[in-house]
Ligand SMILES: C[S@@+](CC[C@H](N)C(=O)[O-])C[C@H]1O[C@@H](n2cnc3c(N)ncnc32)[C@H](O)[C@@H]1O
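Next comes just one chain, in C-alpha cells: the form predicted alone.
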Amino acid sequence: MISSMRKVKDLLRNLVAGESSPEPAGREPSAEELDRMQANLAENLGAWRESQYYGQAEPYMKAQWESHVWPLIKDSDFSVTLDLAAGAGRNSDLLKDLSRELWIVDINQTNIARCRERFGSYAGPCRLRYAVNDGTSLPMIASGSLTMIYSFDAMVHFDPQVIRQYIREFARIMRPGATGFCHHSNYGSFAPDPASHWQSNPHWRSHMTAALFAEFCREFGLEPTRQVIHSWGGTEDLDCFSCFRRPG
C-alpha cells in the first residue's frame, strides 16, 4: 500500500507541474481538487484489489451489453481499442472479438493479472496489450493511436477530477474521427451534498454528472455526441452513458 500511495503522490505532483499530458493543457486542478483526487485514487486502488464483485457481475454482462452498450457503440471503429479500468476482463472478452488491437488497462496489478490468466490461451487474431496505469494517465499509449475508447461499470466510482484528467488523455491518444463510450455516475445531478463520500453514496457513485462530462470533453477539444441517463440498482437516473468523438 505504501508503494501505491507513493505512485498516487508522484502522479499528483506531475499534474501540478503539467507533466502527465503535455497537450492539450487545460486548467490545472485546485489544491482541494487534488486532495479529493488523491483520496479517490487511493480508495479505488484498495477497494478493488481483492474484490469479489467481478465474479458477481459477470453473469449480467451479456444482457447489459445487448440492451445498453451495443446499441450505442455498434457503429464504432474498433480497430485499436482501449478497455479502461478493465477489472477481471468481462468487457475485454467481448471487445477482443471486435478489435484488431486491444489495450487492457487497470490501476490494479491484481486485475491485470486476472486478465492475463483469463486470456492466457487466447491466440488471436486480436493483439492483446496489458498495462497497469497510475489512475489518471495513459503514457504507454501513443498519441493519436486509438480508434475507440471504452469504459463500462468502473468510471462510476471515479472523482470528477480523475475523469477530467482521463478525458485530457483521451484527447491526446484518440485519432481524428475516433469515438468513445464511458459509463459514469450522474449522482451529482441530484445529490444534496456535493462533498459526500463516494463510498457512502448509492452503489458507491461519485459526485459526477452528465453535464460535467460533456463540459470536460469540450474543454479538451472532444465532441459529446450522445448521453443516455440510466437507472442502476433501483436508483433512478443514477448513471450516464456518454458517447463522444475527436473531430477530424
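Numbers follow the displayed sequence, beginning with 1. Remember, predicted model here, so these are calculated numbers, not experimental data.
Not on display, but discussed next: the form predicted together with this ligand.
Peer 1: So if I measure heavy atom distances to this ligand in the model of the complex, which of the stretches 121-129, 88-96, 72-80, 167-175 falls within 4.5 Å?
Peer 2: In short, 88-96.
Peer 1: Kindly indicate whether 210, 213 and 219 are, all three, within 4.5 angstroms of this ligand in the model of the complex, using heavy atoms.
Peer 2: The answer is no: none of the three residues contacts the partner (heavy atom, 4.5 Å cut-off).
Peer 1: Contact with this ligand in the model of the complex for residue 54, defined as at least one heavy atom pair within 4.5 Å: yes or no?
Peer 2: Taking the distances in the model of the complex, the answer for residue 54 is yes, it comes within 4.5 Å of this ligand.
Peer 1: Though only this chain appears here, would residue 160 touch this ligand in the model of the complex if you measure heavy atom gaps against 4.5 Å?
Peer 2: Close contact is absent here: in the model of the complex, residue 160 is far from this ligand, nothing within 4.5 Å, heavy atoms only.
Peer 1: For residue 44, is any heavy atom within 4.5 Å of this ligand in the model of the complex, or not?
Peer 2: Flag for residue 44 set to yes.
Peer 1: Does this ligand come within 4.5 Å of any heavy atom of residue 101 in the model of the complex?
Peer 2: No.
Peer 1: Along 106-138, which positions have a non-hydrogen atom within 4.5 Å of this ligand in the model of the complex?
Peer 2: Stretch hits, in order: 106, 107, 108, 111, 133, 135.
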